[in-house]
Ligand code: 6AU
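Here's a solo chain for you in structure tokens, the form predicted on its own.
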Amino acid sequence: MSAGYACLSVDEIRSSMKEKGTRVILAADLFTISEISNILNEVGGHICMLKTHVDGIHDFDLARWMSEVVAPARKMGVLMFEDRKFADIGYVSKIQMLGHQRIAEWADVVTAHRISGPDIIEGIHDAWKECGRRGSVAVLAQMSSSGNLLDEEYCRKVVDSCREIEGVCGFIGNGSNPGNISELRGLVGGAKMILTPGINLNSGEARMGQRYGHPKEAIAAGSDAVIVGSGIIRNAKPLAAAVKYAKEASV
């Protein structure tokens, strides 16, 4: 990545997780600001990041988002992780970061595909720089959905092309398959993070092509943090569930 960018480093992210004492990233796949704010306030003490799909929020309003979600997350030491999966050229990714949702103003980590070229990383960081902020990109190397096209060759090319980029904190791996995580860790080495979706203690909750793996197995295979959605947000007792996932992922 071009010189002159101040990035949120891997060490800073890992230190933040260590300080929080949890490897759980909450996938807050909910539809209103109030729902996300409520779940954050309930389980924020047991998660290290809040992962959002901001374009899926029905009542999105930037001022409310900043005051009801971002500000409380900051106070709790929870990093904001926008799972936007940017996939366009660098310039377009930059203007998307600076669009009406103003992702660059509040997200600490965003996801991106590598398929459009390496300038996507530069475009994203240029947006953060314009806002006077620092962040980092997690690049998709694997996916947990059935039938996805991110095969072994693609995964290797992604890791080889992004492993030395300072603005990349790590890679998204397939949490539903410990073998895939181990293979990815072998490609990545220890300098970058691996974050894994597809995690649930109840595999029966899988739907629409999703597959699930166990948090303990994902961490043992080399994941830095597990991304948990329905296992917490759809649990009758979200706080107890968050505590349980944090414990299971503590190995």
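Predicted model, so just to flag it, every value in this text is computed and none were measured. One-based numbering along the sequence shown.
Same protein, other form: the form predicted in complex with 6-acetyluridine 5'-phosphate (6AU), not shown, and the subject of what follows.
- 6-acetyluridine 5'-phosphate (6AU) in the predicted complex comes within 4.5 Å of a heavy atom belonging to H53.
- In the predicted complex, 6-acetyluridine 5'-phosphate (6AU) sits beyond 4.5 Å of every heavy atom of V24.
- Within 4.5 Å of some heavy atom of 6-acetyluridine 5'-phosphate (6AU) in the predicted complex lies at least one heavy atom of P197.
- Among residues of the shown chain, E183 is not one whose heavy atoms approach 6-acetyluridine 5'-phosphate (6AU) to within 4.5 Å in the predicted complex.
- Contact annotation for the candidate site: S37, K75 and D108 all lie away from 6-acetyluridine 5'-phosphate (6AU) in the predicted complex (no heavy atom within 4.5 Å).
- With the partner omitted from this view, the residue of V159, L140, V137, M97 that lies near 6-acetyluridine 5'-phosphate (6AU) in the predicted complex is L140 [heavy atom within 4.5 Å].
- Heavy atoms within 4.5 Å of 6-acetyluridine 5'-phosphate (6AU) in the predicted complex are found in one stretch of 58-66, 27-35, 215-223, 42-50, which is 27-35.
- With contact defined as any non-hydrogen atom lying within 4.5 angstroms of 6-acetyluridine 5'-phosphate (6AU) in the predicted complex, I172 is the only contacting residue in 148-175.
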